[in-house]
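Shown here is one chain on its own, the form predicted alone, set out as structure tokens.
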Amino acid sequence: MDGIGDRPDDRIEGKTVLQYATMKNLDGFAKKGMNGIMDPIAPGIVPGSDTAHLALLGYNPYEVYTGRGPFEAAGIGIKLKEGDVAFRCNFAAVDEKLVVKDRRAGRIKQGTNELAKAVDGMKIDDVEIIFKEAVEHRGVLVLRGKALSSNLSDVDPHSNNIRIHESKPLSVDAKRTADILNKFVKESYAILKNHPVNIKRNRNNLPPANIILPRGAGIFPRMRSMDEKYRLSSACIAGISLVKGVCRLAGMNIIDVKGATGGVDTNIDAKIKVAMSALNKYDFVVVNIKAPDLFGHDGDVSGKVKMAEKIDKALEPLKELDCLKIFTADHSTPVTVKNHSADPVPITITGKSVRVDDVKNFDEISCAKGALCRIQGMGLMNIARDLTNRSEKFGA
């Protein structure tokens, strides 16, 4: 449950979202399971969604993480080559002085395919530009050419009402790549500002998606597959390209679900149904539900409460599922912060042979009193393997 963790909020009686929401099913799983709290990476470290998912799958993000871009690229099916540099991007709205007015272009949902085609395929100084749209306002940029570097600063200022940044080389060998990236961004504005999609959006008083803002430069990471690491056949169900990309590069099969949008309108019931069916074929299935994180970033406490309750209701069929079940988050996204935080997330593990503790509710405070205590994300797969009798003894 992406970003479900939270902090106390005076608007909901000084409780967290999970404490305030009616969570009948998750509370039921907590009562029948082993509970704790989890630092996705380590105490005090604010996780990104990419580094957190790597850790939860048992990969050391400090060793395999090269930047967010490659995971986004893999998530939408772009096959990277050695030497490619990939970026996660936003379609954004800027004014004529290139001051960002809306980093997400009103969370644009339509027309991004046409906008992406308008900038895809250009060449800048013999470097090929590959650009594809992702979910809503997101996109992926790949630079393909010789002697490129990912050691660059972001163009995306990460806030509104700030002029776009100029990418800076963070090492001597990155100067050419930074120059190419800055040229691409300026060219994207020149092409998109008068694109028919944006003319229509302006007419309808919607923020135009008139520039592309890259961030998270990275090169193709080297990762052992889940099958190699754990001898597990595995699959992923997610709506957003980032999570799909992490799982794809981990050698997991990606199962597309109709209605899995990665947005607040995602079909959670369909995800759960498909996941249950997938366990007839796979040993291990990951389901990501992005929506709580979106409400956290927007500071919408009422929306996050309602989404938590919607998720809880959709989990009803899992009560009849005979397997090890783990309920947790990749990070906290407190509505009072409107961003990720290092607050540990609740975790419940339930299934045969799991020690049942005295916890009665699924929330950050209740779970902290459970038998699982406080763990780190990189240990989760080992715990799951042990509880399913898949671990091997270390030593004689």
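Fair warning: this is a prediction, and the values are worked out from it, not measured in the lab. Numbers follow the displayed sequence, beginning with 1.
The protein also exists as the form predicted together with another copy of the chain; that form is not presented, and the subsequent description refers to it.
J.: Quick one: is Ser49 in contact with another copy of the chain in the predicted complex, heavy atoms, 4.5 Å cut-off?
T.: Close contact exists here: in the predicted complex, Ser49 approaches another copy of the chain to within 4.5 Å, heavy atoms only.
J.: Taking 4.5 angstroms as the cut-off for heavy atoms, does Tyr65 touch another copy of the chain in the predicted complex?
T.: Tyr65: contacts another copy of the chain in the predicted complex.
J.: Do Ile37 and another copy of the chain share at least one heavy atom pair within 4.5 Å in the predicted complex?
T.: Taking the distances in the predicted complex, the answer for Ile37 is yes, it comes within 4.5 Å of another copy of the chain.
J.: With the partner left out of view, is Cys373 within 4.5 angstroms of another copy of the chain in the predicted complex by any non-hydrogen atom?
T.: Cys373 belongs to the contact set for another copy of the chain.
J.: Does another copy of the chain, in the predicted complex, lie within 4.5 angstroms of each residue among Gly28, Val274 and Pro317, using heavy atoms as the measure?
T.: Not a single residue of the candidate spot has a heavy atom within 4.5 Å of another copy of the chain in the predicted complex.
J.: Please tell me which of Ala217, Leu242, Leu181, Leu141 lies within 4.5 Å of another copy of the chain in the predicted complex, judged by heavy atoms.
T.: Checking each option against another copy of the chain in the predicted complex, the one that comes within 4.5 Å is Leu242.
J.: Can you tell me which bits of 337-358 touch another copy of the chain in the predicted complex, meaning any heavy atom within 4.5 Å?
T.: Heavy-atom contacts within 4.5 Å come from Val337, Asn339, His340, Ser341, Ala342, Asp343, Pro344.
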